[in-house]
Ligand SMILES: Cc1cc2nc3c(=O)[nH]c(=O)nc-3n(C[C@H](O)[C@H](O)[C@H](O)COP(=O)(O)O)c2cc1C
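Just the one chain here, the form predicted alone, laid out as structure tokens.
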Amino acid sequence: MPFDSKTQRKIMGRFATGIAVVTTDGPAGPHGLTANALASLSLDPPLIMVAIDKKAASLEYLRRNRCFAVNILALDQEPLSRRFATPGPKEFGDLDCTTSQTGAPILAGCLGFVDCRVVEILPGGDHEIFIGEILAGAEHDGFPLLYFAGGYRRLADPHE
């Protein structure tokens, strides 16, 4: 008998994660989604992986555009996380964005970003795993937006 998916979700919800908005632009147009199923994969070559649900509208945008940026959200960017977590079209017109190498939107105020070219797409159960070669990136000071046990969280400030 397969392991219960609800139990798996509860167990893995005990693993605190950072939150990112994955953005893309290209032939399919601009799009973005909130994600925490991502990881640094390799330093040489510089690779990152992002897992996208096969039912997500974002999947086709990433496939067609063949690029993405991972924008690591800062503590005050919870509204961005919520915005890109909802289904439907994604608007960037009112956001402060730049681009780097691929044209994928880079969101202002993030703790960091990596701009990637898709080099491989692998099956991963009910997800597809996008492997991206990092072409550019930057990091900034601040506190991260975290997700734990089904809710947004913050790190305790050691100076408080």
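Since the structure is predicted, the reported quantities are computational estimates derived from the model, not experimental observations. Numbering starts at 1 and follows the sequence shown.
Although not depicted, the form predicted together with this ligand is the subject of the following passage.
In the model of the complex, this ligand sits within 4.5 Å of a heavy atom of Ala51. This ligand in the model of the complex is approached by Ala56, whose closest heavy atom lies within 4.5 angstroms of it. A residue is said to contact a partner when one of its heavy atoms sits within 4.5 Å of a partner heavy atom; Leu107 fails this definition for this ligand in the model of the complex, lying far away. Among heavy atoms of Ile121, none comes within 4.5 Å of this ligand in the model of the complex.
The candidate spot formed by Leu47, Gly125 and Phe130 lies out of contact with this ligand in the model of the complex, as no residue has a heavy atom within 4.5 Å of it. Segments offered: 96-104, 130-138, 112-120, 30-38. Contacting this ligand in the model of the complex at heavy atom distances within 4.5 Å is 30-38.
Contacts with this ligand in the model of the complex, taken as any heavy atom within 4.5 Å, map within 80-104 to Phe84, Ala85, Thr86, Pro87, Gly88, Lys90.
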